[in-house]
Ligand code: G3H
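For reference, the chain that follows is the form predicted alone, supplied as structure tokens.
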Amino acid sequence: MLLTDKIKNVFPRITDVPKPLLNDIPYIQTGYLVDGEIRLWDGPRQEVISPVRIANNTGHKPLCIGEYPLLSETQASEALDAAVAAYDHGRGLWPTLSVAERISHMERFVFRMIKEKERVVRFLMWEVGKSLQDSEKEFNRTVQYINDTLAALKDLDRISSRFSIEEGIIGQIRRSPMGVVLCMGPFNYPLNETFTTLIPALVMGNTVILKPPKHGALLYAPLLDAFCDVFPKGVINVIYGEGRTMIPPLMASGKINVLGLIGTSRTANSLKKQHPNPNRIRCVLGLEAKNPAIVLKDADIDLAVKECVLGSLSFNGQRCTALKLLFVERSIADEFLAQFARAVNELPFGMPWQDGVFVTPVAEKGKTDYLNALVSDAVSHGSRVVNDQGGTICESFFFPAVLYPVNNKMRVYHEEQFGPVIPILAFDSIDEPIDYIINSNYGQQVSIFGKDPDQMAQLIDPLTNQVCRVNINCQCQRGPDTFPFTGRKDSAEGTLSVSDALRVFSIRTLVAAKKTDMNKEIITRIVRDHKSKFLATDFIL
């Protein structure tokens, strides 16, 4: 079958869909979690349309996979009130539990979560079009992230379970919660990246309002019972609906202490402005990026092509860490381009459940039109689509387009495409990619491909002052989760990793006393008789 025909016939008939994947489809969700109870919603609901279309005799039709509640500002306010009451100015049950007790709750949640793996993975696949294999990886990685977070928290608490004596002052330093946290995650990793803020926020003693992403909301339905049963009432509240309607009033209340958002800088800036006390809110933000690759003339071209294909097209390029602009030294540009275009066209594409599939339909409404506009703009300014059938569209499916040569007159040179469009340009002087990075609004990561240690070292030193991760002969990426994940400029605020996230959702607090006989007696009796959760020397094994 010709490539054009394969693209045109990419979508299945309903009889071609494996029957187990249609269990619970469509799923009509009416529940949301507020103040320790799953409440039923009988108001309007949002229809969830999968990026997968269904073929029939007349063309293609959308596949409705479910509905979720479109709550109003009233329900959002109730969730806020519940979180505020549960925190109770730090006097609530959850923030005053010991670290060991909060860990125990989270371990119970993980046990319940694993039981729901099949349903969560299935909804994840249908909602965002991520391959079934990658959806399973996202679930497994999230479970591992929780376990690693708990292990890191134990280590942190062990370090804190001792007293310091400095200049005649006895002190014990621990980390305390911040208050009420608003967590909002992205559609591309709706489970994993949402949990990278949710989990550390919870285990550090904060109370949370969770607003699932627009694409990736149904997958939280199987977890509501676990949230409800495991955590004290009001500790976690899960609300659904239009963010532009529900979220600004929450921020304007001044009662949100931490904003954990993985999304766009436009959204983050708008929400921060809503808060009446900007000095009282801490922001933990993962935002846009335009990560470049620099392929030097001595690079292993086979390796560079492989890593750049993975880096630019994993999950259709819908990752903030994706490679979104490739700089290739001119002397090897033709060879690199030929290999790259061939490798892109050899990628398996199709439906998310198909074995080995790499390129799948895109989830966002209007995304294929946006990507097509980027390609058209680039072509109008002198670029061309290098790979056969690049940019071909079939409903929500966009066949990857490799663009060359790209210049600064093109939108795709500046905009974060967040999709399967790969702009490539040749450079003569290393100053060209360096100047691009310096002048970019973003500063998350860069990948460098080459073999000369001297040249690599000369690039590493300045680039580490422009971005937060320099990758040598490999694609940009987030993991391992124990490594810091952040960005400069408009790419991030705050640092996320297993250990960093525990710190960013808490604050160092100490109890101190002059080293007098009376104070030593008081502290000894408090510790010996276990009278305080904070002032203690318990060692978590």
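Note that residue numbering follows the sequence shown and begins at 1. For clarity, every value in this text was computed on a predicted model and none was experimentally measured.
One more form of this protein exists, namely the form predicted together with ligand G3H; it is left out here, but the text below deals with it.
- Think of it this way: in the predicted bound form, ligand G3H has a heavy atom of just one of Leu271, Leu71, Leu182, Cys320 within 4.5 Å, and the residue is Cys320.
- For the options Ser396, Ser447, Thr207, Asn188, the one in contact with ligand G3H in the predicted bound form, meaning a heavy atom within 4.5 Å, is Asn188.
- Using a 4.5 angstroms limit between non-hydrogen atoms, Gly59 is distant from ligand G3H in the predicted bound form.
- Contact annotation: Gln477 falls within 4.5 Å of ligand G3H in the predicted bound form, judged by heavy atom distances.
- Contact annotation for Tyr32: none of its heavy atoms lies within 4.5 Å of ligand G3H in the predicted bound form.
- A residue is said to contact a partner when one of its heavy atoms sits within 4.5 Å of a partner heavy atom; His275 fails this definition for ligand G3H in the predicted bound form, lying far away.
- Shown alone, this chain has one stretch from 478-486, 497-505, 41-49, 63-71 that lies within 4.5 Å of ligand G3H in the predicted bound form by heavy atoms: 478-486.
- The partner is not shown here, and in the predicted bound form the stretch 427-461 never reaches within 4.5 angstroms of ligand G3H through any heavy atom.
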